[in-house]
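So this first bit is one chain, no partners, the form predicted alone, shown in structure tokens.
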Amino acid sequence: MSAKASTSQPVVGLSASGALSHAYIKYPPLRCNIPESSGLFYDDGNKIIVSQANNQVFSWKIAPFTPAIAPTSDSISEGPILSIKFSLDGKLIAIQRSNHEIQFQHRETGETFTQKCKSESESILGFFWTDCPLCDIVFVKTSGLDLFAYNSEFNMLHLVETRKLNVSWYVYTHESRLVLLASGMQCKAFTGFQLSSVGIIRLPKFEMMMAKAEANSKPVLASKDVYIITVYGRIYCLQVDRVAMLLHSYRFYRDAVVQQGSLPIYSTKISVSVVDNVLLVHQVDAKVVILYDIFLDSRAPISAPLPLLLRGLPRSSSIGIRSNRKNGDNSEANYLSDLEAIIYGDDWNFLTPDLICDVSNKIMWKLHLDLEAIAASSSDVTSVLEFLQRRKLDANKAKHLCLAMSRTVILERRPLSMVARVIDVLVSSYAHSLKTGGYFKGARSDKMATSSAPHENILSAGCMASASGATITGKSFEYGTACLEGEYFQASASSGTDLEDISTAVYFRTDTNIGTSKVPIDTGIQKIEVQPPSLQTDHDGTRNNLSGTSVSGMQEPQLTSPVISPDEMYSFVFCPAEEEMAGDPSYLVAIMIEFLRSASSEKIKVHPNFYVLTVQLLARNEQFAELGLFIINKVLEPSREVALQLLESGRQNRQTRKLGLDMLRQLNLHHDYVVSLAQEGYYLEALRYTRKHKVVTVRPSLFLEGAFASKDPQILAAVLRFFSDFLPGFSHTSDHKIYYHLLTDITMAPVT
């Protein structure tokens, strides 16, 4: 197994301009190359990479993945190392020295003790730390499981329980807290245990399917062909069947293991990763990766197979790769070309869930999804939006794409039925996030649900659900770490969500004042000015403003959910579409009505600015009859903003203006109603309304100026008399003195 590829081997995954990929690794990697170090070990429970050199162990934290992170070191005693893992609280180091012995060392005091097998006939296959309340560490032996609790007072392990059974090999992931023990001649019989934070769950025994190449052949299943994955909070097991060229999937419930179908494979060497709940099946021999979204009950891939690319490589290094390969230069650029050449190399080890360890070069890569490329590869806008709404890791990019796609289908004047489906996807996703409490605005915590975090109850009522294999369709749901699911019984697909989060989820929520209109009301009704907020997204160092306006200096916090609120639909979809679309606005109005229908069906409140824009479009197209019907039938919800816009648009239609006045009165907006009557010249009616409803906020000068402008001394006298009686002390104000003298002048003036 060579650490470097030969120069004759073709370079795979060059990050050249125009290269297309749905998954990629990003330069620079995390380098774990310590001089004179031997081997790399992955501590799944603590999410760290461990290397040993000169009686020291060096560890790199990989959650969050930071390539420039420096390692921490601990001194250990000399001896062979088969495996090394830290306790979940970080106080102990466990080192498997042989198949019969594990050594423990306290990191602060340096004290050590050893735990050995009681019988020479059994051997230790491996071990893992756990947050189960019954034990702290589990030894997996050929004779079964030994569960130990650590006694800090005596610095020793205490045997809590032993589970006797024959074990050939095992697989375990800390993310699922599930261990699968293989047994039998073909190693296809399995017993599973989930060591959760509330106890131990034993799964029923089951066998995996294996095709036979010949009638009398009995292929043996290897541990490298079995993967435990967690997708959307559900625990699955994937098994490679090289004879049938299939990847079988099994779903775990507390009292059943259900076969969920099979995926075709096109390579004899297969590896599996999970990135943001998307299943990546690496066809290593073919050097391509196929993506599956198993949230839906479909075995079709998301898109066509494409290679895994290396991105983020400096341009100078990319140029140097080509020139140095010709010149035989052993510079850093040539070293980078070697890294590219061994993509899907023999020394690549895929770690749960989204890491790649290049053992020969002692580097770590992290897998990423290219959401933009995935979205561009499908013409089914509705399916792409549903996929994007389920993405969490790059919620900024997913949200940006959803808004851009929604705006595009409107600008391209796609069929109304298609746009309605797009709207339904976004509205239902937002509604569900509100119901689950998963939508708020804030910074995303980079702290992962590591082993040191408390593991929540996975046996609560939320996990008591169907094992029928039916999946929830049509709406996204919140998810975290996995749990085993409820009892196995037949149920319909509408039985509800069949999982419960373990880790505390972090979600996104926007401010309630997004898209609010600024409508100053003083002496008259002014034009409504809507100032949409700036939604920024930071992708590869580029900050984008979806509304097309200038970006302020304040940077938007990292989003944790791509769901889109009605305020954001208004600000970043409908407003830009209204500005760019020319001609008859009937199409846009029809789409906005569809949005109101969808929001109403989900009982979502729409901001008044949305109704204001609808009124503007209808009035601009002189559809006053339709506008009146929308107001009377409450299609457009009454509000102050809508009423003021009706008054503004009613300058061209008196009936529309009357609707605005009636709405102000119905909403008990007395001040605005009185001001509007005064603007119309109905001073006496406005004064009677002011007296009846005790509207003390009205400025007398507004009425006095209008009455004087009418040149009717009776109206001016009535206004002066009203405010003298209604407002104490008015007779001593400057307004009273000025207009009293003006009234005197008018009445004393000779009639011509």
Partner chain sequence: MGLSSVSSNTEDLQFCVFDLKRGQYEGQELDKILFFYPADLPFPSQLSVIGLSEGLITFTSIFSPEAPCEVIEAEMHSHVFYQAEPDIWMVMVVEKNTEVQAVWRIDALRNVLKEVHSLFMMFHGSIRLLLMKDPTGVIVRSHLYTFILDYLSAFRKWRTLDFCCCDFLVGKKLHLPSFRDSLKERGTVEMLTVGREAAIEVQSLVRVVESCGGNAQCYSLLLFQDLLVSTTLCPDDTINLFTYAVLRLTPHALSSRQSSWSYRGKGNSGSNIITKSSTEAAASFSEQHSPNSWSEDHRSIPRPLQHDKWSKGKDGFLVNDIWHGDSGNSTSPTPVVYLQQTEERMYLCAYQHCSLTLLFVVPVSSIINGEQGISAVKQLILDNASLKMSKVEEKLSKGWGGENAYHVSGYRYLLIDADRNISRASPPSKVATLAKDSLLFLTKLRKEVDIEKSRTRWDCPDHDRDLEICIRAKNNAWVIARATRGKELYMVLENANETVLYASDAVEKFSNRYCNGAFLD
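Positions refer to the first chain, counted from 1. The structure presented is a predicted model; accordingly, all values stated were derived computationally and were not measured.
Not pictured, yet referred to below: the form predicted in complex with its partner chain.
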Quiz item: So which of Ala304, Ala625, Val243, Leu165 gets a non-hydrogen atom within 4.5 Å of its partner chain in the model of the complex?
Solution: Ala625
Exercise. With its partner chain left out of view, choose which of Ser223, Ser298, Gln666, Thr436 has a non-hydrogen atom within 4.5 angstroms of it in the model of the complex.
Key: Gln666
Self-check item: Contact flag, Lys692 vs its partner chain in the model of the complex, heavy atom cut 4.5 Å
Solution: yes
Quiz item: Closest heavy atom of His158 to its partner chain in the model of the complex, within 4.5 Å or not?
Solution: no
Quiz item: Is there a heavy atom of Phe630 lying 4.5 Å or less from a heavy atom of its partner chain in the model of the complex?
Solution: yes
Exercise. Find out whether any non-hydrogen atom of Glu705 is located within 4.5 angstroms of its partner chain in the model of the complex, and reply yes or no.
Key: no
Quiz item: Want to guess which of 88-96, 583-591, 369-377, 393-401 is within 4.5 Å of its partner chain in the model of the complex, heavy atoms only?
Solution: 583-591
Quiz prompt | Output flag, Leu596, Lys603 and Glu685 jointly within 4.5 Å of its partner chain in the model of the complex, heavy atom basis | solution = yes
Quiz item: If we check its partner chain in the model of the complex, which of the residues in 662-682 reach within 4.5 angstroms of it by a non-hydrogen atom?
Solution: Asp662, Arg665, Gln666, Tyr673, Leu677, Glu680, Gly681, Tyr682
